[in-house]
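Single chain ahead, written as structure tokens, the form predicted on its own.
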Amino acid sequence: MKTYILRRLIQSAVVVILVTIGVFLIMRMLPGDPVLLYVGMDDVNAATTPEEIAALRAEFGLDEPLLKQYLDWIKGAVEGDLGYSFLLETDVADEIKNAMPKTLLLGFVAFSISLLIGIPFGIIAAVRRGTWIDSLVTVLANIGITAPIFWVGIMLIHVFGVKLGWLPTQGYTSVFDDSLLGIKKLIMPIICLTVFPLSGIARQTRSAMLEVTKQDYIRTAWSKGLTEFAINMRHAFRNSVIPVITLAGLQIRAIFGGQVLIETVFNIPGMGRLAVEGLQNQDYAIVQGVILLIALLVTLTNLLIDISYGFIDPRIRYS
């Protein structure tokens, strides 16, 4: 087990490093100059001379070779310094600290709902295969997988926000400040983030359960007179849960990736919208910091899921 965990930690570190190199190079390949964008933000800065522009570029470290810029950024990130946003004129760590709780709240709630609803629906569809319940779950899951997340958000805003007026169409309010308003503002974004992973988990659970129920030991359990609940939950579901957990881990990526769109559509000041604004303004430090934290979160989640296999299924042994 220790050897396996060490090997997976090394693999995860390599993935994070490759992600940081990718986002670092992509940001610098974008057309335009962030310093020129910065000095053109107001009429005073627009008159900046070429010498002053060169001084600004040196102040922000943009005149250094790319390798040195990357190593300085990584060194600072390891020490907890994600850099300075010269467009927002604040530390990146402070901006992310303000935005992260909103993103984590949306992601955690959406992921939890996906599991709590998707798995039971998948089990019911498999157990009642060929019935109207199975058909309904399958159709809804197929619709949920194919529906674009931004389109779902726009439709929800149009129906429940504009036409019916039941829910606020944008913004974020902490549930600690105003519980009712905060919950109302979270409903539509969470629905949008839940639709795709819930549908995928329901379909995967159904498929895995149907595959397991064909095995000999399930027929043996029936012949022993065990109850339907015991057979389906203790034997069938337990032996089909591995692919479901694997897919659930992948859905975390989809949820946090979808937040880039959802936070923009619903005007939520989270990490997704922060990354979009940083990309539009070519704010290297903001985009790099957000992507780094998301990469760490996803790789850590995948690592925990891989390790959990051995505890969930005793047939799996690590070497």
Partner chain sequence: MDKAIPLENKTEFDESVPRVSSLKRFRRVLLSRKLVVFGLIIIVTSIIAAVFSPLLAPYDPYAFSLKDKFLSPSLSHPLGTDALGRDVLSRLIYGTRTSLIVGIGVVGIASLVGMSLGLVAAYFGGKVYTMIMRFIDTLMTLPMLMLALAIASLLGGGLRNVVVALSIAMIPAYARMMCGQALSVKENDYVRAAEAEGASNIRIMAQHIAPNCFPPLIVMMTMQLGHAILSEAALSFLGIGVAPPAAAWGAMVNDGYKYLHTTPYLSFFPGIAIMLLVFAFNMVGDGLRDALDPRLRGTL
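None of the values given here were measured: they were computed from a predicted structure. Numbering follows the first chain given and starts at 1.
The same protein also exists as the form predicted together with the partner chain; that form is not shown, yet it is the one meant from here on.
Asker: Go through Gly80, Pro101, Pro120, Pro148 and name the one with a heavy atom inside 4.5 Å of the partner chain in the predicted complex.
Answerer: The option sitting close enough to the partner is Pro148.
Asker: Check, residue by residue, if Leu6, Ala55 and Ile74 all come within 4.5 Å of the partner chain in the predicted complex, counting heavy atoms only.
Answerer: Looking in the predicted complex, the three residues Leu6, Ala55 and Ile74 all stay beyond 4.5 Å of the partner chain (heavy atoms).
Asker: Does Leu67 make contact with the partner chain in the predicted complex, using a 4.5 Å heavy atom cut-off?
Answerer: Answer no; every heavy atom of Leu67 is more than 4.5 Å from the partner chain in the predicted complex.
Asker: Would you check, heavy atoms only and a 4.5 Å threshold, whether Gln11 touches the partner chain in the predicted complex?
Answerer: Contact with the partner chain, yes.
Asker: How about Asp91 - does it come within 4.5 Å of the partner chain in the predicted complex, if we only consider non-hydrogen atoms?
Answerer: No, Asp91 is distant from the partner.
Asker: Taking the partner chain as it sits in the predicted complex, is Ala275 near enough to touch it, meaning that at least one heavy atom pair lies within 4.5 angstroms?
Answerer: Residue-level check for Ala275: yes, a contact with the partner chain.
Asker: Just one stretch in 245 to 253, 92 to 100, 217 to 225, 109 to 117 has heavy atoms within 4.5 Å of the partner chain in the predicted complex, so which one is it?
Answerer: Of the stretches listed, the one contacting the partner is 245 to 253.
Asker: Counting only non-hydrogen atoms and a 4.5 Å cut-off, give the residues of 256 to 285 close to the partner chain in the predicted complex.
Answerer: The stretch touches the partner through Phe256, Gly257, Val260, Leu261, Thr264, Val265, Ala275, Val276, Leu279, Gln280.
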